[in-house]
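Just one chain follows, in the form predicted on its own, and it is written as structure tokens.
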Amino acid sequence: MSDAMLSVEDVHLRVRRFEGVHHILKGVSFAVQAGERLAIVGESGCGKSLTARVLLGLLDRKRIDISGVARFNGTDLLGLAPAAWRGVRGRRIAMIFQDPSTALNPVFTIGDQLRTVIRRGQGVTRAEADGQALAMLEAVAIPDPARVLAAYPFQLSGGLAQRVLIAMALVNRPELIVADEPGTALDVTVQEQTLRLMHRLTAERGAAVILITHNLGVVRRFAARICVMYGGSIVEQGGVDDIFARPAHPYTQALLRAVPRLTGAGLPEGIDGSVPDYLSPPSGCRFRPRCPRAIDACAVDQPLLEVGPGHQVACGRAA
């Protein structure tokens, strides 16, 4: 992973609370190449969004212990001081948040917020920032961009607000964009339009993307590679076509069986049980208590092993 744009190796995150220590992220490792589209998938509560916040330095470190390595083009993200993040976050790495209604400040206009992002990222004049803001809203296919710049977030539809977030993320031409469930709050047609737009604009600008989602249908259309996360660990990773055709981890197989289909017999299958209690998680594979194929080897931590070209799985049955 040394030649990757982003190399995440053996990242652990523990949260200290009054009832004890919650070991949430456990040995998270993956890489992102320049210009690549990677999806991180899994159930709610599996640690996907928390991983994104670790990479963006968005967590209060007072009660949190983070270990491991997250290196971005030579920069150690986990060791950055708060002041040093100003040169990285929003400039070299940008994030598109899940809910635009909470990501946008309700007391400032869209123009005020977009202009601030541009001027802090590029150090240009107000007039130059105004021109870039207008051009960026046009690039994300917002009709009447001048009106939107003068509007407050509550005056926009969910689809328009999501496009504003995409504009803010792209305007400073970052090398990497982390998109946390973009469009989840939107109806399916607007969500599809939003993802197509993001796909086109990131490809045009050469930005790599980490897409965080639980929607495997979106993954199939958007990403080139998948990391499947469960219980704070990456349990399988590989190319999209390979994993959809040959899922190797029982959890990945269960996720695919849970996807609704328009054709074929039978209803989608649910997954019995729930994500682990991070205060006292099971030893070894954290999916073991829910796995119908668990064996004794699953009680011990399993490394990611090659099961095909570029396809890795952490499973006792693959050892």
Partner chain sequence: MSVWRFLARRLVASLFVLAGVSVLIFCLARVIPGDPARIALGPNAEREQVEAMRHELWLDRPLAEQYVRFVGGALRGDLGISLYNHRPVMETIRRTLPVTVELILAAAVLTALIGVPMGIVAARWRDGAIDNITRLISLLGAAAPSFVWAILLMLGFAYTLQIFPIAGRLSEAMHAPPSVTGLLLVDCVIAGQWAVLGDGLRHICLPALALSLSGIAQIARMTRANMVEVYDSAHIELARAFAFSEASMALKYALRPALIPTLTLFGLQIAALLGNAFLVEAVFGYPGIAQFGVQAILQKDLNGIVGCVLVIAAAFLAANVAVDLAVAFVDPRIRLGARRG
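In this text, all values refer to a predicted model and were calculated from it rather than measured experimentally. Numbering follows the first chain given and starts at 1.
We do not show the form predicted in complex with the partner chain, though everything after this point is about it.
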message = For a quick test of understanding: in the predicted bound form, does each of I212, Y251 and R293 have a heavy atom within 4.5 Å of the partner chain?
response = no
Of the candidate stretches 188-196, 70-78, 166-174, 230-238, the one with residues having heavy atoms within 4.5 Å of the partner chain in the predicted bound form is 166-174
Legend entry - 4.5 Å heavy atom contact, R86 to the partner chain in the predicted bound form: yes
Review point. Hey, in the predicted bound form, is T102 touching the partner chain, heavy atoms inside 4.5 Å?
Key: yes
Check your understanding: Closest heavy atom of E204 to the partner chain in the predicted bound form, within 4.5 Å or not?
Key -> no
Flag Y152 as yes or no: does it have a non-hydrogen atom within 4.5 angstroms of any non-hydrogen atom of the partner chain in the predicted bound form?
yes
None of L137, A208, I226, V117 but one has a heavy atom within 4.5 Å of the partner chain in the predicted bound form; the exception is V117
Exactly one of V259, L279, L58, A34 comes within 4.5 Å of the partner chain in the predicted bound form through a heavy atom, and that residue is L58
Contact check, 199-222 vs the partner chain in the predicted bound form, heavy atom within 4.5 Å, ordered by sequence, gives none
